[in-house]
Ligand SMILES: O=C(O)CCC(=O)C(=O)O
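Okay, so here's just one chain, in structure tokens, the form predicted on its own.
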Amino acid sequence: MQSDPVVTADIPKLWLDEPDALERLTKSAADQGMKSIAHDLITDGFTVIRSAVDPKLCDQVVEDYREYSRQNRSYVDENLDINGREKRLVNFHFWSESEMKIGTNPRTMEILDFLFGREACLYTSLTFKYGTQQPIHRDTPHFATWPDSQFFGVWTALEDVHIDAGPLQYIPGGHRYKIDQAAILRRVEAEFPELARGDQLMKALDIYNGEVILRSPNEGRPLQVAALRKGDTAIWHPQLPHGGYPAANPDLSRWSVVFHCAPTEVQVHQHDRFFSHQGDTPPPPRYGFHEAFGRKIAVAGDVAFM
């Protein structure tokens, strides 16, 4: 049964981003493991929880994906990239109970509750057979919240990640610098008044992404490659510059899943709202929820390749 969104007014900013975050953490009654994770996210914007997920559950997700592909062969074949490899599969947790179990992992969700300071939920997911080789980018335009940064990427390796398969890469500390997205849109509106609104928003997104690529190496510490093993889970701040390391061998798989998580009272919006919505009041809700394994799961899209 689907439930309506519960939107709470006056949600505070993410406490990890406050100037006194480390002091708050020192005074916290949380266990040392939780404190270490929060410390990493405050200082680096990235943390890894080793052996967070049972390797057998990881294997089952891969087998579920293969079964999905067998049952939907023509759809899979219609969604290959220029190298003939499957694209990312959105919201596979609705098809695979094993993936839903990973997304609602009790310890991971307990950590997210602590990081948000409120109950966390699962918004959407992406399942990967191969590395993305994405340029350095921030998630915030695609996962916009009010207040901002009420979102974490939660990435689990479904197999040991080979360095030649294009592992995650990120710039520690790069989550701290600001980009004024409203100013970017105003510039686009002034320079390209003839463009349709959707095209203006896409141009603003291109400019924003270009600024992230240009500024991040100078704003954070040296780029790091995340060497994750099967069952390891990484969590990153939504402003963290990250991407896919170039794959020396693009035929190697990099089985993994990333869950996009937010507080239950916070709706996640996309790049159009990120650039155009003004003020502190959030846009109208976009989706409701159902429940799985004791957690709210956003009803925000179907299983589909992208």
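Quick note: we count residues from 1 along the sequence shown, nothing fancier. Not measured: the values here are computed from a predicted model.
The discussion below concerns the form predicted in complex with this ligand, not included here.
Checklist entry - Tell me which of 135-143, 209-217, 79-87, 92-100 has residues with heavy atoms within 4.5 angstroms of this ligand in the predicted complex? => result Going by heavy atoms within 4.5 Å, the stretch is 135-143.
Next on the checklist: I need to confirm a contact call. Of Leu115, Cys121, Ala157, Leu168, which residue comes within 4.5 Å of this ligand in the predicted complex, counting heavy atoms only?
Outcome noted: Here the answer is residue option Leu168.
Checklist entry - With the partner left out of view, is Phe152 within 4.5 angstroms of this ligand in the predicted complex by any non-hydrogen atom? => result Phe152: no contact with this ligand in the predicted complex.
Item to check | this ligand contact at Val258 in the predicted complex, heavy atom, 4.5 Å | outcome: Yes, Val258 sits close enough to this ligand in the predicted complex that at least one of its heavy atoms falls within 4.5 Å.
Next on the checklist: Using a 4.5 Å heavy atom cutoff, which residues in 223-246 contact this ligand in the predicted complex? It's fine if the answer is none.
Outcome noted: Sequence-ordered list: Trp236, His242, Gly243, Gly244.
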